[in-house]
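Before any questions on binding or motion, here is one chain by itself as structure tokens, the form predicted alone.
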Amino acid sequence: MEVMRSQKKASSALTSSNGVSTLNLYRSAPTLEVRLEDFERFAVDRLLVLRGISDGLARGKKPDEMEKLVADLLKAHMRHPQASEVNNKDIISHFVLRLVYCRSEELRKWFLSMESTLFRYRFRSVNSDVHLSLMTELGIPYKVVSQKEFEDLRDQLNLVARSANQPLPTPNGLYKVSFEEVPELVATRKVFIQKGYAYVALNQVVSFVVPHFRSHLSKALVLTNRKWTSMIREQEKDRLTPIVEALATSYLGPDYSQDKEVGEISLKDIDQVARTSFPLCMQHLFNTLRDDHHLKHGGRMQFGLFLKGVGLKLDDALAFWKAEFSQKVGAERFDKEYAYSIRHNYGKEGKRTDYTPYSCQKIILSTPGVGDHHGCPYRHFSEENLRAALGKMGVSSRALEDVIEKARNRHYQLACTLTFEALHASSCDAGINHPNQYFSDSQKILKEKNMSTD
């Protein structure tokens, strides 16, 4: 495996004292050999950081809260036992995920946004020497404001700083760049402009560095996609391609193949727990099955593995599906065409693999066709249908608007989390990442409430 590696001079300057690599531009450098186990493990660690950032942004965390969150995520996931390998881990993980997320416009957009946010908060944590080095490497034309020029403009600079509620500028760390480099600062009137130059304080430099980083990464993702589709995917089809293609939908928590904490559910319980503890995606499949007495393959897989995970035993699963399908296709046809796949999901046929329930990420990225009912309702439902479904679940009108807003902004898992919190009157700080997690957490809360009222 070959990946791009930053220049050694830059990497040594950009590793923090706590052993976490703070900043890289991921441009070009010598090749580096990577062990297969590190290829996947490093990527998973970085993915935990990016998904943590995504959740923080979706929850509307403020900049200072995000800064702390990013620092905590890096400390938790991007360390390495050998300090000399910290920077290599950072670079390897970035380029592996670049392969993973270059493969569609939606994946590229998410990765670009999360990596740019990560870069933004890392940039804010390094000193001015690193700022200047990065600005030079990115090819950003800038000039350091001299002491005399600063004194001449002190009053105007202070006036702009006060009106923008920004710290007063100091002689050290004031730069001037073409005003076209800082449209964000110009639009919000947070920078002094004179003769085509914007005078940017040290704490504002990030405003014009991040767009350059983002632009470079955006172009690089497109080029990576071309290489992936034309060459790498086929060359590595037996080794790296399965890992790369799985990482985008990978779930990084418990697999919920058998939820020992919840225990078993029986056929007589299924209607009750469906109403109280099934997430919307599974309630929709359950209700459709009850109404139509049939689900297409995607729905059977998504719902069947979920039921397995919540504790429905094989014999009960066969009885449940047969009772529904036989009303439409007949018992004999069910036994011939559908029973095998149910036993297969439970590891009793074929390769006898113990299949695990689908995670939120896998469900969200599925593409249901006409007549399909699987997938994530927060993504695949129209807003009108989503409102109706949430209202039927019992989500209050006030909470419903928050859920709709999150779904509209593509924060589908957070929308599900808010639904959970609204229905259970309980916070879910970790967020909902798996339908079976939703069920498990719901059952725990309901049991605790029942015990307290006994």
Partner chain sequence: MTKEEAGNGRDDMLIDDPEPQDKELEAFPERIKLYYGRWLFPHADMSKWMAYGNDGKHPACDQSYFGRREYSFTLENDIYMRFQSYKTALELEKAIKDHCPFKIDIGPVYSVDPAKRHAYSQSGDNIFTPVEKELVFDIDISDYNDVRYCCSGADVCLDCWPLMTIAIKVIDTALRDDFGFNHILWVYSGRRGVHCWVCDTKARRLNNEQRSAVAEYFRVYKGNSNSKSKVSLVGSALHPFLVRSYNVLSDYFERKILCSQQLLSDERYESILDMISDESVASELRGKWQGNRRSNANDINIVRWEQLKHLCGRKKTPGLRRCVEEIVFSYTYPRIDMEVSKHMNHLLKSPFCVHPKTGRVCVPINPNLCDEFDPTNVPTLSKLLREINTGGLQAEGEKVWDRTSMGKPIRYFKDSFLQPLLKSCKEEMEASYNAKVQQSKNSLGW
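Quick caveat, the model's predicted, so the values are computed rather than measured. Numbering follows the first chain given and starts at 1.
Keep in mind that the form predicted in complex with its partner chain is missing from the display, and what follows is about it.
Chemist: Tell me, which of Leu318, Val160, Leu73, Leu134 has a heavy atom within 4.5 angstroms of its partner chain in the model of the complex?
Modeler: Comparing distances to its partner chain in the model of the complex, the residue within 4.5 Å is Val160.
Chemist: So which of Lys219, Lys268, Lys195, Lys148 reaches within 4.5 angstroms of its partner chain in the model of the complex, heavy atom to heavy atom?
Modeler: Result of the distance check: Lys195.
Chemist: Just one of 179-187, 237-245, 359-367, 306-314 has residues with a heavy atom within 4.5 Å of its partner chain in the model of the complex, so point it out.
Modeler: Of the options, only 179-187 has residues within 4.5 Å of the partner.
Chemist: Should Val191 be counted as a contact of its partner chain in the model of the complex, where contact means heavy atoms within 4.5 Å?
Modeler: Yes, Val191 is a contact residue.
Chemist: Ser326 versus its partner chain, in the model of the complex: is there a non-hydrogen atom within 4.5 Å?
Modeler: No, no contact at 4.5 Å.
Chemist: Please tell me whether any heavy atom belonging to Ser84 falls inside 4.5 Å of a heavy atom of its partner chain, as the geometry stands in the model of the complex.
Modeler: Ser84: no contact with its partner chain in the model of the complex.
Chemist: Just to confirm, Gln156 within 4.5 Å of its partner chain in the model of the complex by heavy atoms?
Modeler: Within the cut-off, so yes.
Chemist: Heavy atoms within 4.5 Å of its partner chain in the model of the complex is the criterion; list the residues of 409-445 that meet it.
Modeler: Heavy-atom contacts to its partner chain in the model of the complex: nothing from 409-445.
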